[in-house]
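Here we start with a single chain on its own, the form predicted on its own, put down as structure tokens.
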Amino acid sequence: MDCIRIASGQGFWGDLLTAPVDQLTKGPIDYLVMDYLAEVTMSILQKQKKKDPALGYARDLIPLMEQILPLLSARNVKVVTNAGGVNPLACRDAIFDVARRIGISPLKIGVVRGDDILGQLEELALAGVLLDSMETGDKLATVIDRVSSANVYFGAAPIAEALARGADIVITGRTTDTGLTLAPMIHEFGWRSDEWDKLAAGTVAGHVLECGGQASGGNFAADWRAVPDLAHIGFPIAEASPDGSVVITKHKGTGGLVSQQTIKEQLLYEIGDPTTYITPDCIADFTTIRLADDGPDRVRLSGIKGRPATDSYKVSMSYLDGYTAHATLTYAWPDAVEKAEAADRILRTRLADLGLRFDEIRTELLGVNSCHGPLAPRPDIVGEVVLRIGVRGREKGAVERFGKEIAPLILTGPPGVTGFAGGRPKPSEVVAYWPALIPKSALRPNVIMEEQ
């Protein structure tokens, strides 16, 4: 194909539910890509799978598929999504169930597996694969008994393989966000695995699309008031060409805004060294990106340079690291801030008197300093302020006792207090992040195809 239109349908699990339907009904597209996963999501999905082996994927996808499967079939649109989480086969089977129920046939689904290495950590360690923390250099052995998820970031190649084998839908586990968009380009244009500039261009396009409406006027810092009709925002679409040039746009008649500034803000999102944006597919140099207007709500990306991929995959692991709880109380004028600060001192004194020890106690005054901390200027008059205090510690009992010290502040602390209606805060597990690298030679993705 001379040009393919790849549409972003979800930027995270919990994103705008109407976006995928809008992308399919408000204009032509060839691919719908949907990103559901974040680092913490994997640990949540592992917990769900542990309780029920049929779970462990983004369940929002299934009712969505009931809506869009007829549209996908009628418009010959393919779907690429990482909604498979830690159980992509169960996700596939749930989609097949929907397809049978509503009479969609034939349907061919490709599943990319092999990223979930939770059950292989000890075996990998015996083979000399260390998985030390990239951030601290600590040894995995120090937390291995508390690891709750471990997933390798695969790239676009196995998705492109599934598409080449005729998949209508490709479901993956932990795949790079950019790989979801790059894969259709590799498949359609036949890009080689060493065409670094083209791969980098597709990677940059994937970076623009990965957060959904954030590239088309959502969360727009430069001039959010200038964005029209955010209530009906159109999610971004990448019009990709075989030479690696890409135009970012959205469907005509939808809200939002695609401009050089909205694209620039998204390009700066979650990057470190802009010359070295590392993915499993290539290294992209963001400083080579050139932007140009290409008409209303159309921005052309060109000139992008890439370099050879590294010999490693990134591994995203999570582990249990104690407990946390937090509570809020609202203090009213007059002297709202002074009352909240006094309540904080009283509570901390009582916790110390009880001999409770925590790794961290954090207090915020919402509306006063919760965003900017000590840098925030204090207003002269505050009508009301919300005291939010939280604790984190290794002992569940201490965190639980903290929750029992909140309600007494109502009658034994400063006056003018309200907002305590949800009961005692209960301890919840702290999920900590452990990033690591693994040699690509240590494992391979596996593509499974099935048709019904």
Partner chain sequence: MKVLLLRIAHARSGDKGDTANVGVIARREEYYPFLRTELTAKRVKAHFAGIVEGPVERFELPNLWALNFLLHDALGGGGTLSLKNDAQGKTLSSAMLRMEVDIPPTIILPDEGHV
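Worth saying up front: this structure is predicted, and the values here are computed from it rather than measured. Numbering follows the first chain given and starts at 1.
Quick note: we don't show the form predicted together with the partner chain, though the next part is all about it.
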* Partner proximity in the model of the complex: V431 to the partner chain, non-hydrogen atom cutoff 4.5 Å -> yes
* Asked: Could you tell me if L61 has a non-hydrogen atom within 4.5 Å of the partner chain in the model of the complex?
  -> no
* Give a yes or no for Q266: in the model of the complex, does one of its heavy atoms lie within 4.5 Å of a heavy atom belonging to the partner chain? => yes
* To do: Report yes if any heavy atom of D273 sits within 4.5 Å of a heavy atom of the partner chain in the model of the complex; otherwise report no.
  => yes
* Considering the partner chain in the model of the complex, find the one stretch among 138-146, 89-97, 367-375, 72-80 with heavy atoms no farther than 4.5 Å from it. => 367-375
* The single option of L45, V391, M34, L387 touching the partner chain in the model of the complex, heavy atom within 4.5 Å -> V391
* To do: Select from the listed residues T249, T330, T254, Q214 the one whose heavy atoms reach within 4.5 Å of the partner chain in the model of the complex.
  => Q214
* **Heavy atom of each of V40, Q261 and E360 within 4.5 Å of the partner chain in the model of the complex** => yes
* Check each residue of 277-291 against the partner chain in the model of the complex and list those with a heavy atom within 4.5 Å, in sequence order. => F286, T287, T288, I289, R290, L291
